[in-house]
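Just the one chain here, laid out as structure tokens, in the form predicted on its own.
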Amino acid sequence: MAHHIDGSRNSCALHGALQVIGAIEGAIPVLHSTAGCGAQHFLGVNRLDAGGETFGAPPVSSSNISEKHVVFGGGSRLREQLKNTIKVVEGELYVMVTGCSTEMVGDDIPAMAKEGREQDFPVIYANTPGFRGDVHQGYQLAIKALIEQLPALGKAVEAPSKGVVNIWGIVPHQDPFWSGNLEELGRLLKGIGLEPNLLFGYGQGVPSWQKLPDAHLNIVVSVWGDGTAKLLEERYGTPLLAVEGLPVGAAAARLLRAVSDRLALDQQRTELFIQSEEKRLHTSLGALADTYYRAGFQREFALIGESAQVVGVSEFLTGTLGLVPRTLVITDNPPEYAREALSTLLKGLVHGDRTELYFSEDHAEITDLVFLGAAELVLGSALEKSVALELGVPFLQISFPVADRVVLNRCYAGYRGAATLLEDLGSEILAHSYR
């Protein structure tokens, strides 16, 4: 029997689409729904993603339909809103996104987008009502719309880029460290001679999306990038490479070697780069050694977050730091086909006889699981702070939602991300030991 979910951290598909569009420079969302949808996006993203949004609020234009539009249709209201938005908000691309109410009454959004293009407006659409799924489905729906409709707007004639690789599976804002994680993965790929196409974040605008057909490889770091990579494989013949979650620390070497093998890159250059990065990380680990033993780092921990994050961070904490996983909770509600694979993968990575793995997005259930596991360290979202206090153990916020820390361009991916995680974790454990 179905039951209600208490305090889910996964918003609806509409908000996932808005997060995608808002992370592309020059892309302007035009929301066709009620005023509440825009307000909830503001409250859910701007206030709970650790300061990762632009000043004031997400730049979302909305048709703000009312009861009369639900009764008689809101197409005319959307037409008006699109024209007004283009007049006052400068952008390279305008993306109509829909909420539940306009989808249920059957407003013809494709026709509105077509009408806009006939007036030389760079406009596409994405059907993203909340009942289509959660924020992760919204991520996929918005990307699918961009892939399928952007070519119709034309592309500037330029020579194809060389060595382009796309990165998929990091959902903007749902991962509080999304911007820094993408930049770090891009830095690593550039270090072995490639041109990473990050697609989201600083410097990533419509031209980045127009380079999709030029890519030699689509790299997938979470289950949420699978559908996109397969679509591009069907559309452009671009092969995909799926890696085992977010690569943190030494796991980055597996990614770089796998990419290097797949694209037949210079193996010597790849190994020299890996050696340089590992030497830097080992220096950080050496600097931490005294604190590690003095503060008692080797503890049983609980980790709550999205699947890619749980895989990557738990492998680093166990394989490199020697911590012991007690309770692992995956919150992004991955599809059934992925759950067995994730379970097998985590069991192989953490080697913990006492490790318990759960799939849940219910705040009350997660709280009970963490409390019963009685871990000595908790890593999770702001929602887990109370149970960490109840257990009397150190607590580090690493997953969405984040309430009382600021994340501007930090990362936990790659080698630099591993060093950042060491700093953050060490600071929390030390601070707790002095209380």
Partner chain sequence: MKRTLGNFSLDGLRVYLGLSSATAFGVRDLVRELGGEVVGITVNRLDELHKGRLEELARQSAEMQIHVGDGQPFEEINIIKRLSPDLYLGDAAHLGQIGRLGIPVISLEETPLLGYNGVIRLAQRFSTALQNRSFGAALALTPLPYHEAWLQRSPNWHIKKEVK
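Residue numbers count along the first chain shown, from 1. Keep in mind the model is a prediction, meaning the values are calculated, not measured.
The following text describes the form predicted in complex with the partner chain, which does not appear among the structures shown.
J.: In the model of the complex, which of the stretches 280-288, 139-147, 111-119, 247-255 has residues with heavy atoms within 4.5 Å of the partner chain?
T.: Correct option: 280-288.
J.: Using a 4.5 angstroms cut-off on non-hydrogen atoms, would residue 320 count as touching the partner chain in the model of the complex?
T.: Yes.
J.: Does the 4.5 Å heavy atom contact test between residue 131 and the partner chain in the model of the complex come out positive?
T.: Judged by the heavy-atom cut-off of 4.5 Å, residue 131 is well away from the partner chain in the model of the complex.
J.: Residue 326 versus the partner chain, in the model of the complex: is there a non-hydrogen atom within 4.5 Å?
T.: Residue-level check for residue 326: no, no contact with the partner chain.
J.: Is it the case that residue 299, even though its partner is missing from this view, gets within 4.5 Å of the partner chain in the model of the complex, heavy atoms only?
T.: Flag for residue 299 set to yes.
J.: Select from the listed residues 269, 351, 235, 262 the one whose heavy atoms reach within 4.5 Å of the partner chain in the model of the complex.
T.: In short, 351.
J.: Of the options 273, 359, 200, 292, which one has a non-hydrogen atom that comes within 4.5 Å of the partner chain in the model of the complex?
T.: It is 292 that has a heavy atom within 4.5 Å of the partner.
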